[in-house]
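As a starting point, one isolated chain is supplied in structure tokens, in the form predicted alone.
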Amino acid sequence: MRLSIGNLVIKFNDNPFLGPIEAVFDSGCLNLIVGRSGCGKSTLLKLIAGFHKDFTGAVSLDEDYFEPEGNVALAFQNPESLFFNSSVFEEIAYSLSVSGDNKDSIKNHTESWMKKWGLDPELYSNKYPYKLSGGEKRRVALAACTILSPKIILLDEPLAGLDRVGQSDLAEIIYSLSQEHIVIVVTHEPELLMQKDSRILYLNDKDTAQYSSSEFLSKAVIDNDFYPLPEWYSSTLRSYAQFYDLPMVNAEAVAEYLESYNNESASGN
């Protein structure tokens, strides 16, 4: 599946705010949106979800007219603050229960979706949501937001406020969902989610553009003003930026990259 944005200009009160934007968001890879605070990242998500209607340009799904209703799930920051049911199962199943599905269908669908989010139904179904860890709460909240299994899943800073273990666990789940859905994530720490096949839409009033992971990392390593990556990563790899095949931003990937590069250099390749 592909969501395409063409010549999109976001407006407020008929006044241009951001754009024009050209971008494609595919299933099968994780799509990221980055940019400075206030640049319009969350507004773009709201536009795709159908909540912000002041714009010009085109949005299409698989080259056809795009109708957000029924095709999009949007989760804002800290969605766990909106829990209102007494058990994890009831929280996640709520959207199905109000849609009129029968109990067996709701149970099967909910338990299957819980497993996708790393929530074993036998362990979590009867737990009180507010007594879970921060990472578990976030997974429950995102499972509840996306239970209707839409084509497009929009997430606004899904890793914010979690510890490193929670961030890593949730990042893996989000990536796995991107293989079957169009998943678009707004983040101020793209290095925590970025994969080799990711696309990064960088919103900037001077240079709004979409990059591959390699292109984005190379530009950021060369120019810290383009986008600030962790200093240890930039300083380690700055002399390699010209090769456009930089590793992802984690110590293990960097170590493997440097070892491979040094071995090739030693062999004369």
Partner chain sequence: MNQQVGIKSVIRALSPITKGILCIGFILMFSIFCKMWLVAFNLNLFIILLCFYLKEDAIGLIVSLKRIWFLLLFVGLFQGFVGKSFDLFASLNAIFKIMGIYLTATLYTRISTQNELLYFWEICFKPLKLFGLSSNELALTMVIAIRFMPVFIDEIDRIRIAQIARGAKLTRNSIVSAINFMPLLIPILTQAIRRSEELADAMEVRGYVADRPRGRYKSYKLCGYDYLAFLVMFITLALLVWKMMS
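Positions refer to the first chain, counted from 1. It should be emphasised that the depicted structure is a prediction, and the values quoted were computed from it without experimental measurement.
We do not show the form predicted together with its partner chain, though everything after this point is about it.
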Review point. Using a 4.5 Å heavy atom cut-off, which stretch among 103 to 111, 182 to 190, 80 to 88, 166 to 174 contacts its partner chain in the model of the complex?
Key: 80 to 88
Review point. Are all three of I200, Y233 and Y261 close to its partner chain in the model of the complex, meaning a heavy atom of each within 4.5 Å?
Key: no
Review point. Using heavy atoms and a 4.5 Å limit, would one call D64 a contact residue for its partner chain in the model of the complex?
Key: no
**Study point:** Heavy atom of G38 within 4.5 Å of its partner chain in the model of the complex
**Key:** no
Review point. Does its partner chain come within 4.5 Å of any heavy atom of A73 in the model of the complex?
Key: yes
Review point. Wondering, does L148 line up within 4.5 Å of its partner chain in the model of the complex on heavy atoms?
Key: yes
Point to revise | Contact residue in the model of the complex, from A144, L155, M194, L119 (heavy atom within 4.5 Å of its partner chain) | key: A144
Practice item. Given a change of 3 Å or more, say if the Cα atoms of S81 and G161 sit closer or farther in the model of the complex than in this form. Key: farther
Exercise for review: Mind checking the CA-CA distance of I48 and S81 in the model of the complex? It differs by 3 Å or more from this form, so is it closer or farther?
Suggested key: closer
